[in-house]
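Consider the single chain below, provided in structure tokens and representing the form predicted alone.
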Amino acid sequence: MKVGIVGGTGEIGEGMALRLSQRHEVFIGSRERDKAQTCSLSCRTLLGSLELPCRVQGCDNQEAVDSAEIVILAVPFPHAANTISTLKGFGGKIVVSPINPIQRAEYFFHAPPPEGSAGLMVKRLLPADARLCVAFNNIAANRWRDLEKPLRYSVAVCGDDPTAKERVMELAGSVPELEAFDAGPLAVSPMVESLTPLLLNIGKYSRMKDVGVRFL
């Protein structure tokens, strides 16, 4: 598959690029092309040192959208709406939102927009024919980047387009030991996103690092 990562130079974006570029053609997007190219070089260097395959190139965010079959929006929630507004070409494409609206006080909590979830907000901002799925929300950035450890996690995928869901589940399943599950329609996205602050709280109060989920 051809996978574009908008915001691909952030911790989650780069981590996803490291895993996915071993089996897919990945376009790391950024507002700054030079930054994306530097990131892609780092990915190639690291994977090469581990004698792992890598197909990745750096570009600006618009080129990442234009070049991809599947576009992953790896941007923090506070910047999501503004980033999407600067881009075009989402029509007909599969778009994946791993975005979690989280705030922190004494503890972490789900702080969704008026739509009810980041996914539902993204749906409003995209063209009507964009094929949106919410997925990859509950895996910590450090886990994506730690290539010495397999991703023994489950990925909940929700969306209203069955074919798009199947493709995203296939993408998730291409990463060794990562297992995808159909979580239902996009209306389920608040449940999926709200798992992440729960995991952060478990990590904080139970003194655990990078807590994830696995469905058995």
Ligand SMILES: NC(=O)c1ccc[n+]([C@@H]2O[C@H](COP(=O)([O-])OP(=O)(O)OC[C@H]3O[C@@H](n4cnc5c(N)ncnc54)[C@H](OP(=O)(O)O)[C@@H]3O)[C@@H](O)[C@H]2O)c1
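As the structure is a computational prediction, the values presented were derived from the model and not from experiment. Residue numbers here begin at 1 and follow the sequence given.
Just so you know, the form predicted in complex with the named molecule exists too; it's not on screen, but the next bit is about it.
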{"item": "R31 within 4.5 Å of the named molecule in the predicted bound form, heavy atoms", "value": "yes"}
{"item": "Distance check, G10 to the named molecule in the predicted bound form, heavy atom within 4.5 Å", "value": "yes"}
{"item": "Non-hydrogen atom contact R152 with the named molecule in the predicted bound form at 4.5 angstroms", "value": "no"}
{"item": "The named molecule contact in the predicted bound form: H79, any heavy atom under 4.5 Å", "value": "yes"}
{"item": "The named molecule in the predicted bound form reached by all of A74, N137 and A141, non-hydrogen atom within 4.5 Å", "value": "yes"}
{"item": "Stretch in contact, per heavy atom within 4.5 angstroms of the named molecule in the predicted bound form, of 23 to 31, 62 to 70, 40 to 48, 157 to 165", "value": "23 to 31"}
{"item": "Within 4.5 Å of the named molecule in the predicted bound form: residues from 81 to 115 (heavy atom criterion)", "value": "T83, P98, I99, N100"}
